[in-house]
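The chain below stands alone and is given as structure tokens, in the form predicted on its own.
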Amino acid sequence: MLRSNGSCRSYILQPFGAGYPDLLQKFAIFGIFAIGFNILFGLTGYLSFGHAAFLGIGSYTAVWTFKLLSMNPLPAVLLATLLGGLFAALIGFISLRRTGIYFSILTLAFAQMSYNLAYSVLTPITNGETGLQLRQADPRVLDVAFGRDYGAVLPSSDLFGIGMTGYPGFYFCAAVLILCFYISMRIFRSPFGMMLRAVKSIQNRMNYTGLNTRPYALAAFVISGMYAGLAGGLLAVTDPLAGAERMQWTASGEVVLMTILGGTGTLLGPVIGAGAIKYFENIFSAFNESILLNTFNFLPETLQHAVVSIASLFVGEGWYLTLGALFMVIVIFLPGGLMEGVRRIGLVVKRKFGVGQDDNPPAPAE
């Protein structure tokens, strides 16, 4: 449903979630998460199943920043990024002693350890299964020092008086996404990025020449962890709470799907993959039996119930079955992800309409 303001932007972006700013925030936040993961997986080929740990660390750090310092999101996202990078340096230093499937298993083990620590052992810090939330009695020393008084109302994050909910929150996340994309683009096109690609393709040859590739892989791992920490911090900025569920292995698997679905090793692919998964998740998970019955009410009653019974397996709580089928189709027919599909369409357009071709080709040499 469209917003009551009926603005032009809502009509233009309505098919992509413009009526739902919370969904747009997820597009931007998980786009950042996928961009960071792509710096590691797309450039070096190291497949991590533990990036949810950094996402959770970023969320917990941001909420504690809100509780102790200020409701301004800038210190929260800065500290979330730094803590995500420090935690990634610790895990990467150990995990990168192995490669291939052993590296993936190590990162998965660290992520599950982090999840269990947050869920049960570190409850004084994480508040366990209830999750870390804001309270009116929190000190917020910086806000108090500058005379901010929230009264009896539970505060929410705000950027110098601008609330981080709704569209303002999306604009803030989108601005951070653009900055992160620019940094990723510079990394991809830098000599450092070329070294990371060499780690992916000819790591053994580089080791034989005496070049130690581990510092480059560790640097990529830390940068990727900082992106994940930043994404976790932004999740807390738009919704000031943090729970252990953000550190589960399913969150790590989701970012892997986003990157592969969009196009591993491409600049724009992970953002497209993140947007596609979150968009379809929002669509298919919202369907229930009553909506399906209304959708197929033009069918005879017996056939209607049969169709609804089958369709209900792919929507609602079973929407992951649809995601799995979509992922299979992409992997089979577009191994390079959605970006490969875009390139194929571009080639077809060029061949059919002659776009980009020289109208006067040079004459053959005599």
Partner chain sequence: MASILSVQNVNKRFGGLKALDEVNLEIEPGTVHAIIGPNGAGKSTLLNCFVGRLTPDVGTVTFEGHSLIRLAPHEINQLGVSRVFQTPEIFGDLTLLENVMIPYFAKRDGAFSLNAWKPMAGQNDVRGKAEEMLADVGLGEKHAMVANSLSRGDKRRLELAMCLVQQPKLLLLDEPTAGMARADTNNTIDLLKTIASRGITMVVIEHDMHVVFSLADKISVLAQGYVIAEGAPNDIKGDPRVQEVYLGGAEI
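Everything quoted here is computed from the prediction, not taken from an experiment. Numbering follows the first chain given and starts at 1.
Below: the form predicted in complex with its partner chain, not depicted.
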| query | finding |
| --- | --- |
| Interface membership of Gly210, its partner chain in the predicted complex, 4.5 Å heavy atom rule | yes |
| Touches its partner chain in the predicted complex: Ile125 (any heavy atom, 4.5 Å) | no |
| 4.5 Å heavy atom contact, Tyr182 and its partner chain in the predicted complex | yes |
| Arg186 within 4.5 Å of its partner chain in the predicted complex, heavy atoms | yes |
| Residues Arg135, Val141 and Gly163 all lining its partner chain in the predicted complex, heavy atom within 4.5 Å | no |
| Sole residue of Leu154, Ala175, Met194, Ile94 within 4.5 Å of its partner chain in the predicted complex, by heavy atom | Met194 |
| Contact residue in the predicted complex, chosen from Leu117, Leu268, Ile283, Met206 - any heavy atom within 4.5 Å of its partner chain | Met206 |
| Among 196-204, 145-153, 94-102, 117-125, the region lying within 4.5 Å of its partner chain in the predicted complex by heavy atom distance | 196-204 |
| Stretch 214-228 - residues with a heavy atom within 4.5 Å of its partner chain in the predicted complex | Pro215, Tyr216, Ala219 |
